[in-house]
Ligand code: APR
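In the form predicted alone, a lone chain appears below as structure tokens.
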């Protein structure tokens, strides 16, 4: 074993032991629109502040699909995946946050804790973390071509190499397949309700888009004590899950006007908080229209840079609505990942309800197709 076994939870420590490179299987994307190919990748030797994590599970998120299909611009070739959990297997010489053997969730927005945004309590807007994640040594293909870690974490692989700021230690009693969802779906959805909007008890809520993040927003609304939670989607199977996890009402937007339906459910007023979790101008406009006068529309979905959304000046003035942007649920990973893990362990959040399929790494392209077809809420790769 070539790992540096700093603090393996008891036993002897071999601080300073030689850590070598490691070959792993990973799903590589070479250009937008191409399928991912499972190839051998060589991970670099961990730098002083880097951590190598043996991955146990990775969720397949819509943001990964958006990079694959070109909706979100990125750099290539890359290994995608940003929702993962695993076990630390090697650490750099200066790492202090974790030790070998620790169970961790990966954070795709690491916080430097020094820039303006971190100092004012908005670490998800850190101006240094992602830059560091993209530029730090990661890995190469068999040809020697340098790879970019997708969203800084590259969890579509048997193991990954990240900054120590990108890992959060968690309770080892939780299953890592459930913990993986904390890395994006649960943090973004529940965080949007609890951290971005700070929804108070008794509020009415609508959630437009019931994929993994949207379902998490529904759970977040339930945890917040919302009096009415309206789930909106075009897929009946997703609406059925939404009903099981907390939605009080459902709207099938494939067969009815979703804005009119939400207003009918709320005595014509609209909801206090409308969460858009799709990332399209059309659904953003719907969420805005679903919010009551003086209400709030929260934009959670990751959309395209060239998909403009417009509101009239009169709409913005006379209805006194708020529009909130939401990145990563406005969470602070160090504070909120352990909190979310605790919610799962206490039975307040059923992470298994979000998972439609458990797949192997070779099935990742099929997972993308199923996501595009609306057949799944979340596929999880199990290593």
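Being a predicted model, the structure only gives us computed values, none of them experimental. Residue numbers count along the first chain shown, from 1.
The same protein also exists as the form predicted in complex with adenosine-5-diphosphoribose (APR); that form is not shown, yet it is the one meant from here on.
Any chance 178, 342 and 356 all have a heavy atom within 4.5 Å of adenosine-5-diphosphoribose (APR) in the model of the complex? Negative, none of the three is within 4.5 Å.
Heavy atom within 4.5 Å of adenosine-5-diphosphoribose (APR) in the model of the complex: which of 152, 212, 183, 191? So the residue touching adenosine-5-diphosphoribose (APR) in the model of the complex, by this definition, is 212.
Heavy atom within 4.5 Å of adenosine-5-diphosphoribose (APR) in the model of the complex - residue from 246, 295, 279, 123: Among 246, 295, 279, 123, a heavy atom within 4.5 Å of adenosine-5-diphosphoribose (APR) in the model of the complex occurs only for 279.
With heavy atoms only and a cut-off of 4.5 Å, decide whether residue 87 touches adenosine-5-diphosphoribose (APR) in the model of the complex. Residue 87: no contact with adenosine-5-diphosphoribose (APR) in the model of the complex.
Hey, in the model of the complex, does residue 61 get a heavy atom within 4.5 angstroms of adenosine-5-diphosphoribose (APR)? Contact with adenosine-5-diphosphoribose (APR), yes.
adenosine-5-diphosphoribose (APR) contact in the model of the complex: residue 301, any heavy atom under 4.5 Å: Looking in the model of the complex, residue contacts with adenosine-5-diphosphoribose (APR) include residue 301, since a heavy atom lies within 4.5 Å.
Using the partner position in the model of the complex, report whether residue 24 sits within 4.5 Å of adenosine-5-diphosphoribose (APR), counting heavy atoms only. Judged by the heavy-atom cut-off of 4.5 Å, residue 24 is well away from adenosine-5-diphosphoribose (APR) in the model of the complex.
Mind telling me which stretch in 109-117, 153-161, 134-142, 280-288 gets its heavy atoms within 4.5 Å of adenosine-5-diphosphoribose (APR) in the model of the complex? Only one stretch qualifies here: 280-288.
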